[in-house]
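The form predicted on its own is given below as one chain in structure tokens.
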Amino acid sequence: MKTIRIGTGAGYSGDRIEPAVELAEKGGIGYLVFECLAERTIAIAQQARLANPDMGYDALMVDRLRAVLPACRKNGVRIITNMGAANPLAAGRKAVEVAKEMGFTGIKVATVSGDEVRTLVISENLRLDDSGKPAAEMAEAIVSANAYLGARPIAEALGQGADIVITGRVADPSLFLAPMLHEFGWSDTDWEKLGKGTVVGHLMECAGQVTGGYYADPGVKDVPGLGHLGFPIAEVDETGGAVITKVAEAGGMVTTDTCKEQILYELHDPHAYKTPDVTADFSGVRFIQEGPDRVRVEGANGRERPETLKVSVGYKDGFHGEGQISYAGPGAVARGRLALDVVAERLETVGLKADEIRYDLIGINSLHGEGLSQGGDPYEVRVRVIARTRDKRNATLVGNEVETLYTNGPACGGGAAKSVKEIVAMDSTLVPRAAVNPHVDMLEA
């Protein structure tokens, strides 16, 4: 029975690069998938593209390609990635440039575009899910609107001989499902197989999470070798049967428990996990430990895909102004609380206009509030004040007032830091599948 091996090279934009090189060199894989595009990432990338039409792709794409291309070319590994972000075509051109600079010729680079639907969302005045606002009212604030494409355009690119496929917004599991469609010739309506492949993609998409990274809890759930955590490999056969594993000498581990935790990650309805390719059914999934770092996945299924595509909408939503300062030694908590009181009074005096503001003592109440504090004063605390404002001027006031604690009390504050950041908020909506037209462009080094 035909089997392919797919490795995960990254689970988010800033992920480690070395595990991907290890997979390309030692993993015996045919495909290396870099999943690097979070919801907010593409909105930020869109702002970069608007500032420079040659930008808007992942900032680490060049470094990743330089690191893995030698082993990928040597071992016949094809690369699939959503590092094209807001500008797949520019990313494709850059990938060709990198390949040529490294002396590799004959490399085919495919780009998948068509996910950008900002004009459609605004012209149809679609209502956003979280805010409830019609898009036309927010037109000036909306910086991006990208539909989640599925696996088929990537599979088509692979069918055209692409060695590297670079996409924009694609559903995370679809990046992994695509080589299965290509290699096994699965139909777009074989819902059971598509469901099985989507479950594999969901297990793989976050890289080191399924090999023990997010699972680790010292003394409770110990994981060996986190400093050299290996990224996962999926062995998938033409029926959709799969085993999750890793390079033997890599750190981390693959167990039924690491897989169980990952299968629940970002899972709303296990009976209906909706993707552009299929409505996957996770409810019957079971894991079997076949050997050290080898877990078989069984029981996934699927039903007909939705007739709409989810759209991730990024919009400007004001500014965050933040200031921090530390206190240590006897009475640190009392001085920290006094510092917060002083800043609160000062911000009222200078007339801060804020939609929301927080006064935190990191290590005491910054995550769960006062109610869960264990009592007993720590030796050190860090004051944090952060506000959400409509304009940059008001945001700047926050950090400035925290910084003035240096010389205006309480005693012995140090390590002050301040920042102002524009907020790119996220919302979502749905568009008819027929209104989105993905397309493939082929380049060659």
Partner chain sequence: MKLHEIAHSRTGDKGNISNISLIVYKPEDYERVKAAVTPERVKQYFSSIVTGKVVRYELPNLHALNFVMHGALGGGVTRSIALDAHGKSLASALMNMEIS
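Residue numbers count along the first chain shown, from 1. If you're wondering where the values come from, they're calculated on a predicted model, not measured in any experiment.
Not on display, but discussed next: the form predicted in complex with its partner chain.
Enquirer: Go through 334-342, 353-361, 114-122, 179-187 and give me the stretch that gets within 4.5 Å of its partner chain in the predicted complex, heavy atoms only.
Expert: Heavy atoms within 4.5 Å of its partner chain in the predicted complex occur in 353-361.
Enquirer: Taking a heavy atom within 4.5 Å as contact, would all three of Asp237, Thr279 and Arg433 count as contacting its partner chain in the predicted complex?
Expert: No residue of the spot touches its partner chain in the predicted complex.
Enquirer: Although the partner isn't part of this model, could you tell me whether Val285 comes within 4.5 Å of its partner chain in the predicted complex, counting any heavy atom of the residue?
Expert: Answer yes; at least one heavy atom of Val285 falls within 4.5 Å of its partner chain in the predicted complex.
Enquirer: Contact between Tyr214 and its partner chain in the predicted complex at 4.5 Å, heavy atoms?
Expert: Although its partner chain is absent here, Tyr214 would touch it in the predicted complex, with heavy atoms inside 4.5 Å.
Enquirer: Under a 4.5 Å heavy atom criterion, is Arg49 part of the interface with its partner chain in the predicted complex?
Expert: No, no contact at 4.5 Å.
Enquirer: Would you please decide whether Lys74 lies within 4.5 angstroms of its partner chain in the predicted complex, comparing each non-hydrogen atom pair?
Expert: Because no heavy atom of Lys74 falls inside 4.5 Å of its partner chain in the predicted complex, the answer is no.
Enquirer: By the heavy atom within 4.5 Å rule, which residue out of Glu97, Glu192, Asp317, Asp129 makes contact with its partner chain in the predicted complex?
Expert: The residue from Glu97, Glu192, Asp317, Asp129 that makes the contact is Asp317.
Enquirer: Report the residue, out of Arg303, Lys108, Lys260, Arg296, that has at least one non-hydrogen atom within 4.5 angstroms of its partner chain in the predicted complex.
Expert: For this set of options, the contacting one is Lys260.
Enquirer: Does anything in 414-445 come within 4.5 Å of its partner chain in the predicted complex by heavy atoms, and if so which residues, in order?
Expert: Sequence-ordered list: Ile423, Val424, Ala425, Met426.
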